[in-house]
Ligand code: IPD
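Only one chain comes next, encoded as structure tokens, the form predicted alone.
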Amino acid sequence: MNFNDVLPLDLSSTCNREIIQKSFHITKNAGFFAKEMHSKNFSIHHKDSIDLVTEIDIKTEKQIISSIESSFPDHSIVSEEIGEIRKSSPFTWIIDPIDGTTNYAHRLPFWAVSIGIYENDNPIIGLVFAPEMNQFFIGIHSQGAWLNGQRIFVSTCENISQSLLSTGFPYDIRETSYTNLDLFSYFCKKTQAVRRFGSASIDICYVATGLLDGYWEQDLKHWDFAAAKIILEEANGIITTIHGDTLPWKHSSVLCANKKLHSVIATEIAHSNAILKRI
């Protein structure tokens, strides 16, 4: 897997060329490392009753951070396991070393390395690499989005009854009233089907490719969607909270689809009588 095959774009006049090229290699190397470890025995720890972290999450995160600090020592980092490392540069790398840890722990292939890079909260590049499915998604601000070197775009579906949606459920589903089960049941009856893959970044990227027509989830962390958001928007999709608000730079609900179907889904959510979390 080389850079030009995954991103067939002339970067000679791009001001962030070095960041784009090195972020590709950092993401690729992290994905291949985690994939290699997936075939071996590894330890699993519980953050709570069903929220997992494996030793490979931590080792992959350390590898990514070490690579960033080696190439861009003044860049800030926000990552799932380590938290925030704030530096002087306006550039911030937002990392989920393994998005879909439960899948990873159960040896399912639906997991990905997710890295989004922003400059003063403005998007630069989003990279989502699902190595066991050989799917490398890249979105570059104002340039487009690609899957394995092929341009991608959201679907043209406008009729919710013909749509295929995806969703996810919170780790505190056993304790919270915001389980998302009521919306899941609601949309199962409104659409052709609803799927659950267990990795928010993959879900959003699948909307970007048109494999899915839409995706919603009630409670995500910033690193779950920071990279995929760039890819989705560069594929002509729209992503907001489930209430239609601009995504905040913190944990949030998420709704994404093509521009016409997005408003349809948002209206259905508002009229569903489901228990909705306001974040």
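What you see is a predicted model; the values in this text were computed from it and never measured. We number the residues from 1 along the sequence you see.
What comes next is about the form predicted together with D-MYO-inositol-1-phosphate (IPD), which does not appear here.
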request  = Name the single residue among T101, S155, S163, T92 that comes within 4.5 Å of D-MYO-inositol-1-phosphate (IPD) in the predicted bound form, judging by heavy atoms.
outcome  = T101
task = Heavy atom within 4.5 Å of D-MYO-inositol-1-phosphate (IPD) in the predicted bound form: which of K87, K190, R196, H141 fits that? Just give me the one.
result = R196
message = Even though the partner isn't displayed, in the predicted bound form is V128 close enough to D-MYO-inositol-1-phosphate (IPD), meaning a heavy atom within 4.5 Å?
response = no
message = Can you tell me whether D219 touches D-MYO-inositol-1-phosphate (IPD)? I mean in the predicted bound form, with a 4.5 angstroms heavy atom cut-off.
response = yes
ask   = Though only this chain appears here, would D224 touch D-MYO-inositol-1-phosphate (IPD) in the predicted bound form if you measure heavy atom gaps against 4.5 Å?
value = yes
ask   = Does Y171 reach D-MYO-inositol-1-phosphate (IPD) in the predicted bound form, with heavy atoms at most 4.5 Å apart?
value = yes
message = To test your reading of this chain, name the stretch in 143 to 151, 129 to 137, 92 to 100, 205 to 213 whose heavy atoms come within 4.5 Å of D-MYO-inositol-1-phosphate (IPD) in the predicted bound form.
response = 92 to 100
ask   = Does any residue in 63 to 86 get within 4.5 Å of D-MYO-inositol-1-phosphate (IPD) in the predicted bound form, counting heavy atoms only, and if so which ones?
value = E80
